[in-house]
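To begin, one chain is listed below as structure tokens, in the form predicted alone.
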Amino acid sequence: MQKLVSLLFLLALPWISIAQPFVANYDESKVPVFTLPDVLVFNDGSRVVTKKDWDKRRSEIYSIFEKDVFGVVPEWKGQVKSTIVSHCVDALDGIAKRKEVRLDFMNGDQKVSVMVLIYLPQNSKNAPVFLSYNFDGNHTTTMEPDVLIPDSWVSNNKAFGISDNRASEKGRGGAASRWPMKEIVSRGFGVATVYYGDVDPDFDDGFKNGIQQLFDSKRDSTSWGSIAAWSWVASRIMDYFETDKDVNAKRVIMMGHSRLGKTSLWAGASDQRFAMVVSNNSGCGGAALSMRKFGETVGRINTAFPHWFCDNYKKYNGKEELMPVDQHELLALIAPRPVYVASAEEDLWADPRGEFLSCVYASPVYELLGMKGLPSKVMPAASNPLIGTIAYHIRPGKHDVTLYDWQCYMDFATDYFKLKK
């Protein structure tokens, strides 16, 4: 059965599907003419003028994203228990302390366990912490031999030694290039990472094997998808951080790449405790404007990954121009907190220009709130970041997270939190 599920999952991937009905466009001349919703105009046509007005407008926008895109999270009636399962005082060759914390989500006789791997600088109780999901298991982010291997469902990956949907020792450190732990800790930051499949396995299983099974609710067209589930658990990790004396819960940076970049944006919009949000190559449903219909589109993402969003989002398959919101408004929901969006030149699937334009069109909200938005309306050259309270860069290369990306995020956070350089 697991092999059959894995095969079905692979067949759903857009880059190998032969039955995909929505053709990707990579030609700027074929981008349709579109009119974006004005982020500072209420649904009734009146204009947002004051900060108090924005609070009301924000609620309008959030409600639309919740009911038409990501889905509504039902009431949680269960319990969450935290347990420290390992602790190391001289990790990363002595520059860090490390612990693994298991969060057990329980409702009745059902339980889902999520393992949080945390690295913090030695002798620091005030370090900002990047919270970010990973794709193949916490052990893939580091070469340290005693970090636990997940026992939950993992997508098969020959390079990481994953077969029969079970992770193995072979994958240890396999994604370490995306997680420069020593460099991050040396700069005075902590890192907390979680395997996203612990929360909800990333395939269309009818929401029977992840966190959703613990909720006593019937599903409808507004019910939450996987991205909302990953976001919701990020907030529960924030709950834990508020109890951990080693973590400064007021300096948590929600960071994500690709589908997890979409997750970071929705988590930041949904939970204002996150001090900063970083979206790396998040594309459609993340930072990229949907109405451009460039690269991955709403129709393609809903066909390939029908479990990511609520069913209402499917109304806009091939009809993005009918959407009552677009992604610049998702960025605006994070205001006045800082948000950093990053693209890669070869990652046309994620629409770098669409990601940049979202930053441009979200900026008026930041300016209304007395903050500096994106400082230019001209897309920058590669490796030339634009830094306001909204920040953006595009770098050479493909769909990935690189040391350069991390350095930019750390520079941004260093300035915002006024850390020593």
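Just so it is clear, the model here is predicted, and its values are computed rather than measured. When you see a residue number, it is the position in the sequence shown, counting from 1.
What comes next is about the form predicted in complex with alpha-D-glucopyranuronic acid (GCU), which is not displayed.
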Can all three of H139, V191 and Y195 be found with a heavy atom no more than 4.5 Å from alpha-D-glucopyranuronic acid (GCU) in the model of the complex?
no
Name the residue from I301, V116, L289, M181 that puts a heavy atom within 4.5 Å of alpha-D-glucopyranuronic acid (GCU) in the model of the complex.
I301
Of F207, F305, Y316, Y240, the one that lies within 4.5 Å of alpha-D-glucopyranuronic acid (GCU) in the model of the complex (heavy atoms):
F305
Applying a 4.5 Å heavy atom distance criterion, does Y133 contact alpha-D-glucopyranuronic acid (GCU) in the model of the complex?
no
Report whether the minimum heavy atom distance between S258 and alpha-D-glucopyranuronic acid (GCU) in the model of the complex is within 4.5 Å.
yes
4.5 Å heavy atom contact, W349 and alpha-D-glucopyranuronic acid (GCU) in the model of the complex:
yes
Can you check whether D326 is within 4.5 Å of alpha-D-glucopyranuronic acid (GCU) in the model of the complex, heavy atom basis?
no
Looking at 78-86, 271-279, 305-313, 248-256, which stretch has residues with any non-hydrogen atom within 4.5 Å of alpha-D-glucopyranuronic acid (GCU) in the model of the complex?
305-313
Within 377-404, which residues come within 4.5 Å of alpha-D-glucopyranuronic acid (GCU) in the model of the complex, counting heavy atoms only?
H399
